[in-house]
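Two forms of a single protein chain come next, each set out by itself as C-alpha cells; they are called structure 1 and structure 2.
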Structure 1
C-alpha cells in the first residue's frame, strides 16, 4: 500500500467527510428508531396484531451475513496478500444480504404483513428498505475500492480502505440494532 506524506491533508479531509456522512446517516436511522420506539411504547398491546407473524429466521440469517461481511472486510484491511479473496467474500456477502432482504420482504407479504396494514409494518418495511438502499451504496463503494485492489494496487491508500470500511461496519451495526429492535425485542 502506498503512503505519501504529501497526501496527509487529503486523507484528513476524506476522513472528516466520511465521519460527517456517517453522523448524518446515524441521525437518519436514529430518527427512525425514535419513531419506532414511540409507536411501540404508545401501542396498547405488543406485538400489534399486524406483526404477530413476523418471520424470525430470515432476519437472523441476515444478521449472520452482515457480521460475517464485517469480519471479511476487517480481514481485507489487515491481510494484504489475501485482500482480493476477502474483497470477493465481502462483496458476495453483501449481495447475499440483499437476496435475503428480498426473501424477507416476500415472507412478510406471505404472512400478511403489508405496508398498508398499519404504522408498525410500514416502519418495518421502511427500515429494511432504507438499510438495503444503503447496502447498495456500500456495494458501489466496494466496487470503487475493487478498482484499486485489482487494477491499481499501487494507488490504494489506507484512507480509502479505512473510509469504505467505516461505512461497511456502520451498516453492520445499524442492522444489528434494527434486528434487535424489530425482530427480537
Structure 2
C-alpha cells in the first residue's frame, strides 16, 4: 500500500465518515439496550419466568466465534502475506455465526420460548435478528474487501481495510453486550 499525502488525507476522511457511521449504528443498538434496561428495572422479578429455559451453550459458542473472527480480522490487517487466508477465516466464521444464530432460534422455539411469549422473548429474538441483519451487511463489506484482496491488491488502501474492520469489531462488541444482557446477567 502506497503512502502519500492524498492517501493519508483519504484515510482521514474515511475515518471521520466511519466514526459517524458507527455512532449511528451505536445509537440504533443503544435504543434496543435502553428498552432492555427499562423492562428489566420495571420487572418485579428477574429473570422472568419465560426465560428460565434459555439455551446457554449456543450463545456462548456464538460469542466465541465472534471473538475469533475479530482476531482473524486483526491478523488479516497485520499480516500482509497471509491476508487471503485470514480473509477466508473471517468470512467463514461470519457464516458460522449466522448458522449458530439460526440454530439458536430453532432451539428457543423447541424449548417453548416463542416470539410472542412476552417482552423478554421478543427482545431475544428481535435483538438477535437485528444483529444478524448487520452481520449480513458486514459480510457484504467483507466481500467488497475481498474483491481488492484477491483481484486488485494494488488498489487496496489501508482506509478500506481499517474501516471494514472497525465495523466488524463493532458488531463483535455489540454481540458481547447482547450476550451478557440477554443470556448471562
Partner chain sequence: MAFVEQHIHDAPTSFWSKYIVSYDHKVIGKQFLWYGIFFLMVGGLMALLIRWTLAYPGVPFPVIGNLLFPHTNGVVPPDTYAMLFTMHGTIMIFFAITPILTGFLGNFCIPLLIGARDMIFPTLNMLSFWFAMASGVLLLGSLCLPLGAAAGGWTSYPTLSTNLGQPGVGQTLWLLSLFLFGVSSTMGAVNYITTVITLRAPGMGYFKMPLTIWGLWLTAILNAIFVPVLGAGLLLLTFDRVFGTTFFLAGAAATSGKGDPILFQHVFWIFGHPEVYILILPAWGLVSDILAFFSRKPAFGYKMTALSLSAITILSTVVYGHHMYTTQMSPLLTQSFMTLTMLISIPSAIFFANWLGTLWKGSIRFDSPMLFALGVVFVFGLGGLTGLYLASTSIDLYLHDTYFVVGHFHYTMAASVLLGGFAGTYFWFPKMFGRMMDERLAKIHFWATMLPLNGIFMGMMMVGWAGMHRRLYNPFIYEFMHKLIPVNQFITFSAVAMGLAQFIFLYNLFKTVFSKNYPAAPANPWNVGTLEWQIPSPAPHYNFLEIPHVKCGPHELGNPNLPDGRDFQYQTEELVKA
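Since we're looking at a predicted model, the values are computed, not measured. Basically, rigid core = biggest C-alpha set you can superpose within 1.5 Å across the two forms. Positions refer to the first chain, counted from 1.
K.L.:
Of these two copies of the chain, point out the form predicted together with its partner chain.
P.N.:
It is the second structure that is the form predicted together with its partner chain.
K.L.:
Any CA movement of 2 Å or more for residue 24 between structures 1 and 2, core superposed?
P.N.:
After core superposition, the C-alpha of residue 24 moves less than 2 Å between structures 1 and 2.
K.L.:
Residue 12: how big is its Cα shift between structures 1 and 2, in Å, with the core superposed?
P.N.:
Its C-alpha position differs by 2.6 Å.
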